[in-house]
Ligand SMILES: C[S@@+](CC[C@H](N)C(=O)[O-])C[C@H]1O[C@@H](n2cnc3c(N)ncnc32)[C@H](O)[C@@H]1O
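The data below hold one chain only, encoded as structure tokens and taken in the form predicted on its own.
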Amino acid sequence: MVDDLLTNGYNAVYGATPKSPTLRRIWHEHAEGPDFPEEFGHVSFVTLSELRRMATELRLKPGDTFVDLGCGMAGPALWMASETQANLVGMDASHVATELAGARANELGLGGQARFVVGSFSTTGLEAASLDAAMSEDALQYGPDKEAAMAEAARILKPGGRFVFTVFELDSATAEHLPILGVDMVDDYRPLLEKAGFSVEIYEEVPGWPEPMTAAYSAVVEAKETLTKEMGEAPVGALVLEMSMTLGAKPYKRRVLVAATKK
């Protein structure tokens, strides 16, 4: 039920996002940062400096294969594939997102390096021990079973494979009554990673928070009328509802960057 609610919402949002120059401008200015290359634009909060740090920690070599869990339209993952010459498997619950990501890969000349599949954090459908690395950007907090998500990441990685991601830690006192976020509230991912068989090397708070989220979400809420004209009522309603609740409830304790190795 939670998966269906989340997937339907993201199908609507992803389908409408390419129609909105206003949303692109807001996200480029307030979230990803003005130096982020437009051709790899996205809807997470990963900046170019963070993505470079993730590339260093993933330790990908040309010809390696990595997965982006919750890839969306795959901007950061396609940047990673372009920079490292590694092969990308993008996984997302939204079939709309994976279709758009595939088209984007072809437009960028990366179609031969990338493929996209529909799956969930806990059931990717990928083969066991088939990947050299995994990444994820600001998506895992939406998973309804985060312990299962960590176990699935460990299952699909080869021994020694790297798992590098950014994620929001949830504050149970403010998140418990919210839809989706309140289902499985995790305020520290290290115990789940260790239980799944990872050795955690980096677990650090991303500095400067929550200003980028506050600025981006506030700008979206303020631009509701313009966004509705560009995207339609349903996707903008879903966006504004989520962002308004987040601004009011403040469910996120911290945003962290994590790097771990499968033992």
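All values derive from a computational prediction rather than experimental measurement. Quick note: we count residues from 1 along the sequence shown, nothing fancier.
The protein also exists as the form predicted together with this ligand; that form is not presented, and the subsequent description refers to it.
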Among 84-92, 125-133, 186-194, 151-159, which stretch has residues whose heavy atoms lie within 4.5 Å of this ligand in the predicted bound form? 84-92
Any non-hydrogen atom of F116 within 4.5 angstroms of this ligand in the predicted bound form: no
Residue-level question: is P144 within 4.5 Å of this ligand in the predicted bound form, judged on heavy atoms? yes
Give a yes/no on whether S44 approaches this ligand to within 4.5 Å in the predicted bound form, heavy atoms considered. yes
Look up in the predicted bound form whether A101 has a non-hydrogen atom within 4.5 angstroms of this ligand, and give yes or no. no
Within 4.5 Å of this ligand in the predicted bound form, do we find a heavy atom from each of F165, V206 and T261? no
Only counting heavy atoms and a 4.5 Å limit, does any residue of 57-81 reach this ligand in the predicted bound form, and if so which ones? G70, C71, G72, P76
